[in-house]
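First, one chain by itself: the form predicted on its own, in structure tokens.
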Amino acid sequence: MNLLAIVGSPRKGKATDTLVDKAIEGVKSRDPDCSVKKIHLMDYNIEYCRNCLVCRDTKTDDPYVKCVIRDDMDIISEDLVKADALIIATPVHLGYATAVMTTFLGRMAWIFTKPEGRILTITGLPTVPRSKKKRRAIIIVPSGIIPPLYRRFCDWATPMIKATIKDTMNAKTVGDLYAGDIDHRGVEYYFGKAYKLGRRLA
């Protein structure tokens, strides 16, 4: 299995990054031969989508089309195509995914999706993934101050990510973790849950 972990936190070695590592440990515990690549989006040059719609209107049987913007999404796109499983992780900022994660998800939209669906999807677009390859995914969303009890009021990142990777990567989310109130609980409080989530992904 090829596992691609995508970290949308601007800070390395902190809660989001650490919980991703724990999830990877869980995957490896069940699949020791799993090939793992972890990328930090902050290390890549990802420009904003220009809404030119060239990718949307490109007809091809390939699993993705190249964006007119020549930047590091070319590299990440190759990694995404190879992946059998995904870990998508971002802290929530004001309830939403980080700016770099949102930019990344926006660029994925028509690169990996074509407007040929017959019904509206969760994201409101009649789309289908360009690739027929089925993938599995987990989502990790830490919050510094908001406890899990109030997740429904401050986590709009998880449903956005879940819908986007379903529509683009044909990825089924098999589990997610909202790691709330880390400032008081500490990230270690969620190590076991992240590990189990990784095992579920494997």
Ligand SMILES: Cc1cc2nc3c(=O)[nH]c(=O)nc-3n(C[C@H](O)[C@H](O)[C@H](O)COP(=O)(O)O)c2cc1C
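One rule holds for the numbers: they count along the sequence shown, beginning at 1. Remember, predicted model here, so these are calculated numbers, not experimental data.
If you look for the form predicted in complex with the ligand, you will not find it shown, but the lines that follow are about it.
Contact with the ligand, judged by heavy atoms within 4.5 Å in the predicted bound form, is confined among 126-134, 102-110, 71-79, 85-93 to 85-93. A heavy atom within 4.5 Å of the ligand in the predicted bound form is found for exactly one of 63, 148, 144, 159: 144. Looking at the ligand in the predicted bound form, residues 11, 16 and 154 each place a heavy atom within 4.5 Å of it. The ligand is not shown here, but in the predicted bound form it comes within 4.5 Å of a heavy atom of residue 182.
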